[in-house]
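Next comes just one chain, in structure tokens: the form predicted on its own.
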Amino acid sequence: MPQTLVSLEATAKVSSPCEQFTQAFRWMLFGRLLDEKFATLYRGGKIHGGVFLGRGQEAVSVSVGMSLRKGDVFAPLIRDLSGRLAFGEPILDAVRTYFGSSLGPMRGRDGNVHRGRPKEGLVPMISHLGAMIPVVNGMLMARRFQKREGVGATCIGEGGTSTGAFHEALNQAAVEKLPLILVVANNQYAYSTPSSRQFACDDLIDKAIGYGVDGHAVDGTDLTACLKVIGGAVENARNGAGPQLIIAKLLRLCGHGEHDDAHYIDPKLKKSTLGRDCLKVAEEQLVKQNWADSDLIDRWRDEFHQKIEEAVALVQREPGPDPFKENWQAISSTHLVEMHNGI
């Protein structure tokens, strides 16, 4: 991928629990700060369209991004900025897409979370309502025909499990025994609809039995647990165990988007263990393990703030898209078709 303005450790070179946890926390912190910058720019009228934050979901997202390797497929959703960064997305790709820069991966022709680098295995999002599962299935099937290795992962909210796309794609993955990792963030609300109105089973993990796939439950507020469970599921898929369904329980700590004040969230949930901030929990674990202290964490925070400001300042000087310079077609422009030579 193109060079990013921020330099973090390569995810493939983690050799100890300390290094893995520290690296994951740094990606979480970086993603949270970048999210907060986007929210500030949105409120200031600098960003148009939707802004969707991953606040409270970073531990789950980063564990997916860090568990994947070069050559794998990742289809992130609207709250997966930390996972995107950990997988290898440059900060400039994110900032350029939000500002509509013609130098971004979508050349200013699509907005916010609908961005990606297919050649690098990072799939642009179509919809968060189950649509990415069949896309990942298709890419995995194509790789199977080409005798290429690798796994594919995507994330979804618990509300998306009510869609036909979720059912059909998970069923297909199970029948074909695809190396699919499907991570469900049960954040308690599908927009404003509570989980009690989304499914009647005691726990979404029960769905794994019905589809005949491996199921894993994890506390989505606990980074240590997320790294272990999600990382283990990825390795299971990589070793031929077929689809892996992961249910992460947590609470969305913000509105559906920055346009939503989340007034409907039950105050009791906010005070429960589900309402813990995974970033704060991870920071406490870092300090408790003597893997970092508050001064070091503050230096990381200052470093990331500076890199974010540099990226925003750079992108704000870049040109927007020029329709007169595009070779418009009904489906796409030929120079944008990254995958025309195969998947």
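One-based numbering along the sequence shown. Quick caveat, the model's predicted, so the values are computed rather than measured.
What follows is about the form predicted in complex with a small molecule, which we do not show.
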| property | result |
| --- | --- |
| Residue among Glu158, Asp72, Asp219, Glu258 with a heavy atom within 4.5 Å of the small molecule in the predicted complex | Glu158 |
| Option touching the small molecule, based on a heavy atom within 4.5 Å in the predicted complex, out of Arg143, Lys249, Arg115, His128 | His128 |
| Contact test in the predicted complex: Ile78 vs the small molecule, heavy atoms, 4.5 Å | yes |
| Partner proximity in the predicted complex: Asn187 to the small molecule, non-hydrogen atom cutoff 4.5 Å | yes |
| 4.5 Å heavy atom contact, Tyr191 to the small molecule in the predicted complex | yes |
| Heavy atom contact within 4.5 Å of the small molecule in the predicted complex, the stretch among 120 to 128, 225 to 233, 92 to 100, 205 to 213 | 120 to 128 |
